[in-house]
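Before any questions on binding or motion, here is one chain by itself as structure tokens, the form predicted alone.
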Amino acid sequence: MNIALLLEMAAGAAPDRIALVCDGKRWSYAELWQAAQGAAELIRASGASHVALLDESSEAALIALFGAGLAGVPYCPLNYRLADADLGALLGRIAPAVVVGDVARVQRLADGQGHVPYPRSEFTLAALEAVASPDAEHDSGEGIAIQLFTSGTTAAPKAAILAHSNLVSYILGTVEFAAAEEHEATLVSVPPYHIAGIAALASSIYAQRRIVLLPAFAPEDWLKLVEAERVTNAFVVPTMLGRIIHALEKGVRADIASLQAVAYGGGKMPLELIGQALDRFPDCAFTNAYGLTETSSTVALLGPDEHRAAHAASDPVVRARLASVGKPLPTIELEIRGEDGKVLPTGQVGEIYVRGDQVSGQYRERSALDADGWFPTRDAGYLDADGYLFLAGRADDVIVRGGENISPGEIEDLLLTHPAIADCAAVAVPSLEWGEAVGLAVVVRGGCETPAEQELKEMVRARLRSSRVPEVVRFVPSLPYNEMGKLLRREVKGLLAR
């Protein structure tokens, strides 16, 4: 099944319903479907091997996504924030491509590679003007729908690929067709080159929920759009939620009574922040969604009722679930494995493995699936006795001190209970005696006195154990995060090495 069928079904069921609002322009489902069919004609005629987006979110992103699907060509949104050298390398890997967005940059970085660049507005207009042949055969959906480049660490980015079947399996397993009422609207403000953004668009189309796009996030603009469009649903990353609450506390006024549900993910949610959100928005349903590019988005959820129950609980076991990412979806199998590949018992930290129809685990370069179809996420975590999944950072982020594995998360969670600490990160630093030791970067809360290093070390020694005590402590103005709220631990290590 081709992912474009999701839009075709929505357009067939409610052609005149508004599907998309972007920069003040409104698109009906029928108009989007017409444009997607026209885009498919353009893509076929170009002979391109990929369709790339090099731009912020807009109607062109949806038209390119579904047009590429109809044409049987992978859709490959690129991170327009990349440095020229990095972006040029990626453009070379997908040539020749129809590239929607920054034409001047494509011509400067990848001239002579056969790319067909379109400015956003010209691509949209050309797609609307293209006449789809009544005899045109749409792609069956047996191949690749999406190609996303991972953010490389020490090597070049890997090209993660998602088949139509992976994405459709995720949508059909989590969304009911045409379930949204006509007044419902979802605000999408995450970058278009992340799987969270693509999944949000496809899910909303299938549910027939109006999509309101915010191309560049700013908390004031987000709040204004919620009020203007009577937004009912939204997806944010933790840093966005923090900025929204801060804006409200600073006096930004907006009528956001329409907001019924907020999903979040993409990075670690501080307990203090989600607690503030639950208190400030008592009638809003919060959902924590955990997933990866290679799994077509969400594989585990902590639902609204579980949020409220954990927030109100006096039982420490129940209250602790607010720090979890919930339970695996019914369509997902999940295991925690040790270094020897064996499944670990409840409560023990290991690597998270997942399996299911929505799980791709494939890259252009290779397959990451094991012989039984399990995908190693490279995320560390554990399951509690009731099946709730707790993350413990990336498996690669584990600090190995004298042969002992130390999770940065346990140190960070403890120190964030200190009233003067707004944020912190624990990373591995070189140690002559132990090979690696704990290094700590700390952000002090505004208006608070900087705590003494020894106080923090004694706090860790008393509550955890001596091996967790940091050898290096640096107080910094802020920690580095990417636009999806993920902590950039490589950069933290750089801060500690200075």
Partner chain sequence: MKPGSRLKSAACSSEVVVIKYSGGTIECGGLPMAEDAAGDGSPAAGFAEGTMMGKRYIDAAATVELLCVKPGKGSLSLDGVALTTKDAKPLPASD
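Positions refer to the first chain, counted from 1. From a predicted model like this one, the values you see are computed outputs, not experimental measurements.
Not pictured, yet referred to below: the form predicted in complex with the partner chain.
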* Here the chain is shown alone; which of 213, 223, 130, 199 has a heavy atom within 4.5 Å of the partner chain in the predicted bound form? -> 199
* Which listed residue (118, 388, 374, 206) meets the criterion of a heavy atom within 4.5 Å of the partner chain in the predicted bound form? -> 206
* the partner chain isn't shown here, but in the predicted bound form, which of 395-403, 223-231, 118-126, 322-330 has heavy atoms within 4.5 Å of it? -> 322-330
* To do: Using a 4.5 Å heavy atom cut-off, state whether residue 495 contacts the partner chain in the predicted bound form.
  => no
* Does any heavy atom of residue 353 come within 4.5 Å of a heavy atom of the partner chain in the predicted bound form? -> no
* residue 360, heavy atom within 4.5 angstroms of the partner chain in the predicted bound form -> no
* Report whether the minimum heavy atom distance between residue 140 and the partner chain in the predicted bound form is within 4.5 Å. => yes
* To do: Heavy atoms within 4.5 Å of the partner chain in the predicted bound form is the criterion; list the residues of 1-17 that meet it.
  => 1, 5, 8, 9, 13
